[in-house]
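We begin with a single chain expressed as structure tokens, specifically the form predicted alone.
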């Protein structure tokens, strides 16, 4: 459904001209599971998004239609509650505005998405960030984009039970076309790095293994990192997060941490350093060196952080055997998409190879998405 069709449908239902907002999903080139450890990440918004059509409503009632699910939900300010359905994420956003003392009324909203669900493209962050932007515009709350990112993060954490970092929401709100961001997750600041992939493309391969970020497995990874920091803090003052720890400093704690906690921390410490190194390669358009780091990230995600899956490992190994420039599982893990940095001449043959052999191995068809980098959450004028 395009913008015109969405606005027409809204007008037919409510006899109103709506505010229209686009909220994109994101990719992350490198820097996985470093955001909630105070490290660096390298995300960018993509040309897959939510579209919202919305208007204020005099009554204190939120009437929201998810066109993808063909589902209408209505709730009031005194009915906000946690849960794992899409509406609980939006309730969490409303709660974030209320907690900040912002006066918001009711709304009528239609929304639709072309972000593949469960593919690791941060559909939930785009949903929360876009809805927050809608409320901010409709009720002139004057919240900054950082405020909106924090509200969206709180919604996922407190209302959906996913202990996620800020990267996904920040990327959805702050991105700009033809650039990636080197984001400092401690200071909540970023640097734009031009991304001109002459001769290369970013290809997403959807494993069709659907993950659940609210699952205990994801949250256990975060808890392991926090426990590792506590152990280090017993003997090293000034350590606030794994951002403050080098690999050399970490190694003496291997025995006291135990195998599992040490592996989680070791991966994160190396990934933070990898992301800083990757930024330099990107600025100099050193694609083979950048791609090598992507493979190293996947190895860490698979072996040390243990958030990969057989399907993702198979695709990355096939990419390596095919001499594709770079490939790694992307997102929180446990499925979703593999991100490939691939030269244009190799793309067609590689897709055909994966299509044929992946089905034979796993008895399911992967999906392939070529993506373009896009602007962050924005109001659509028409």
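For clarity, every value in this text was computed on a predicted model and none was experimentally measured. Residue numbers count along the first chain shown, from 1.
The same protein has a further form, the form predicted together with ligand GLA, not shown here; the description that follows concerns it.
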query: Looking at the partner-bound form in the model of the complex, is residue 165 within 4.5 Å of ligand GLA by any heavy atom?
result: yes
- request: Would you check, heavy atoms only and a 4.5 Å threshold, whether residue 43 touches ligand GLA in the model of the complex?
  value: no
query: Even though ligand GLA is not shown here, does residue 314 get within 4.5 Å of it in the model of the complex, heavy atoms only?
result: no
query: residue 334: heavy atom within 4.5 Å of ligand GLA in the model of the complex?
result: no
query: For the chain seen here without its partner, which of 318-326, 341-349, 57-65, 32-40 has a heavy atom within 4.5 Å of ligand GLA in the model of the complex?
result: 32-40
query: 75, 200, 262, 218: which sits within 4.5 Å of ligand GLA in the model of the complex by any heavy atom?
result: 218
